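Shown next as structure tokens: one chain only, the form predicted alone.
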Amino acid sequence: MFCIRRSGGVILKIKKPLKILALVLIVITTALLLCSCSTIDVDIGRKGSGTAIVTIAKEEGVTEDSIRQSFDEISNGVKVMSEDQERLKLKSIKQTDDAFIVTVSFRRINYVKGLGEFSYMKSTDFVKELNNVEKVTIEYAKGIYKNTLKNYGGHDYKFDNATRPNKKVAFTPTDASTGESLEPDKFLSADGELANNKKGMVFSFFIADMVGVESITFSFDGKIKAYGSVNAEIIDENTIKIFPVIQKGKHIYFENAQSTEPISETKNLEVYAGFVYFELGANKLAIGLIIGVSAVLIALIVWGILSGAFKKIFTGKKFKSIVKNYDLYIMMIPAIALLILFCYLPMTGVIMAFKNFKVVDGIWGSEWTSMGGFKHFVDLITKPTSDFGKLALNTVILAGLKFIFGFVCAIVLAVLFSYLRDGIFKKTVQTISYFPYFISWVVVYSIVYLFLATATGTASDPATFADQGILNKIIIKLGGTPIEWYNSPQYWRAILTFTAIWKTVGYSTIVYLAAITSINPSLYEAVSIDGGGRLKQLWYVTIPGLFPVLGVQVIFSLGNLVRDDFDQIYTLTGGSAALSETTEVIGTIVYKSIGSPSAYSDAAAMGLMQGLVALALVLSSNKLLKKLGVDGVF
């Protein structure tokens, strides 16, 4: 015989035929809230995260390494079921003379899957969601527990509906201070205490098949006001001990990894089910921050008075200038307010890049991600569906091609427009060149498809010739073989570059044309008198006159070098895997991840990363152009 010692000193004996690995799994699972030890003590913090401590008697085969190995297996299983997020962490394993003391932390117990079913939410939200997913108190009060439960190891538990409702396991909400029963309908009504207590929290739980566990103790950061469970005991104002009830059900599992047929056993299962309603206590961290900030402000005020710093400020020239021109500063307030409201406040959303963002929790309520908050950045580099190096290379190449050729084409077109005489022809040509800019990429896709469509069948078949795109018809007429454009990635960098330039080049000429028209005409006359033709006028007058505008455009264009035109790329290619070699960019990968738990956070991380690189490019290009004698942006 060998034993597991619990914290109270009582020893739970386990038969020797059990394997050491099974014993360690039992112990570690206990530390993670679903276990087979005599008691479990769980401390849940304000946000639903917390720790569990288990004491393991030193016996043959139970070592620190075996405990760590078994914990990794359980943690990986829980991670898979918890949307691929790290929920469990082994904080420490300490040794005494006769035991191992294992401390395990868990993150947001309501998102921990595989160890049971848990919810942790505001009491106001709990009441609102009763008709959806949290039928805990109403159903449990009738003795109707969950139909199924799945654990991290692939074990399923199904409870017999034919035996429900079961009065033996039914319970009613109970007042924690008086022990009196509360009417469920009144307790959970829209105007009841739960629905109106903004400080109230509700923790519900459902755990099955915990053989050998005598009780589970839950401690909360607040005062327990009511609870619901068949066998429960209030230890103190913030701690409750729950005892199991027996519920008939089926245990379904596979004997081993090679088994194809599941084993089903009907037996009495030990079930822990219920809820705890408590009121959060004062936030000690917030109080400490307020006290600390107040102390710093008071110290600054005292220092400013005693050192004379305030006197220097209020008697200085800058303060007097502000007072003298107070009306101008007052006029600035609306513009500053709009700037803060619509530009800077939304920037706080970038915090999603460092959190496991969930819509139900909101930006500030979501938990910080692992790796010091940089998990999503690491995942973007190491775990996208395509190689990150290829994604970054495709992004830069496509942006670079559009920048270079678009830049040149816009300048050439603007120069050509400047040579046209005023009249209907010039206005018509300019209007035609501007028009594509206002066309949706969806419409552009339809136009592109008319040119690139590829029919099935042989090229010589007249029936398929009519279905070919315009380019393939030309190729066939010239005796060539039609190209499967939508299966040929080598052509798509040129296609995307051409369509982007065709759509935007006319609109881009507006800035350059305005700069050309602002050049002093006498400069052209001087070159002409010296015998210079249009080519020399272009080289010595037009291009130098465009330098200020060129500098600004280059700076902003370089800032977009790491950004991809996702709307163009995805609309024209449809995210086709056949074209991914040259068209897959960071934006398309993030878009394809929509629906995954980390989609919002991944998108925020990608945007922040691109924004920082773009900022670095803008600052460096601005400094470089100023050194070359060209006016920068700032």
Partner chain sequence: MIKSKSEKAFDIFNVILMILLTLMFVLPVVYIVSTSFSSNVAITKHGYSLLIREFTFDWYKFIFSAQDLFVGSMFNSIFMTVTATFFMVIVTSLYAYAVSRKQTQFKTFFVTLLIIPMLFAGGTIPYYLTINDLGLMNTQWAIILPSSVNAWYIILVKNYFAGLPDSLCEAAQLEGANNVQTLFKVVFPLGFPIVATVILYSAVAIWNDWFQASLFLDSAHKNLWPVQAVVRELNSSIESLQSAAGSGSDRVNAEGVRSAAVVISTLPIVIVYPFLQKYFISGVLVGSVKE
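Owing to the predicted nature of the structure, the values given are computational and were not obtained by experimental measurement. Positions refer to the first chain, counted from 1.
Heads up, the form predicted in complex with its partner chain isn't pictured, but that's what we're talking about next.
Undergrad: Find the only residue in Thr542, Thr217, Ser433, Asn238 having a heavy atom within 4.5 Å of its partner chain in the predicted complex.
TA: Contact residue from the list: Ser433.
Undergrad: Between Ser66, Thr571, Ser598, Ser49, only one gets a heavy atom within 4.5 angstroms of its partner chain in the predicted complex; which residue is that?
TA: Flagged contact: Thr571.
Undergrad: Would Asn560 sit within 4.5 Å of its partner chain in the predicted complex, counting heavy atoms only?
TA: Looking in the predicted complex, residue contacts with its partner chain do not include Asn560, since no heavy atom lies within 4.5 Å.
Undergrad: Would you classify Ile53 as touching its partner chain in the predicted complex, given a 4.5 Å non-hydrogen atom cut-off?
TA: Output for Ile53 is no: heavy atoms all beyond 4.5 Å of its partner chain.
Undergrad: Can you tell me whether Glu581 touches its partner chain? I mean in the predicted complex, with a 4.5 angstroms heavy atom cut-off.
TA: Result no; Glu581 lies far from its partner chain in the predicted complex.
Undergrad: Quick check on Phe203: any heavy atom within 4.5 Å of its partner chain in the predicted complex?
TA: No, Phe203 sits far enough from its partner chain in the predicted complex that none of its heavy atoms falls within 4.5 Å.
Undergrad: Would you mind picking out the stretch of 106 to 114, 224 to 232, 332 to 340, 264 to 272 that comes within 4.5 angstroms of its partner chain in the predicted complex, counting non-hydrogen atoms?
TA: Stretch with heavy atoms near the partner: 332 to 340.
Undergrad: What residues, if any, in 599 to 623 have a non-hydrogen atom within 4.5 angstroms of its partner chain in the predicted complex?
TA: Going through 599 to 623 in order - heavy atoms within 4.5 Å of its partner chain in the predicted complex - the hits are Tyr600, Ala603, Ala604, Leu608, Gly611, Leu612, Leu615, Val618, Leu619.
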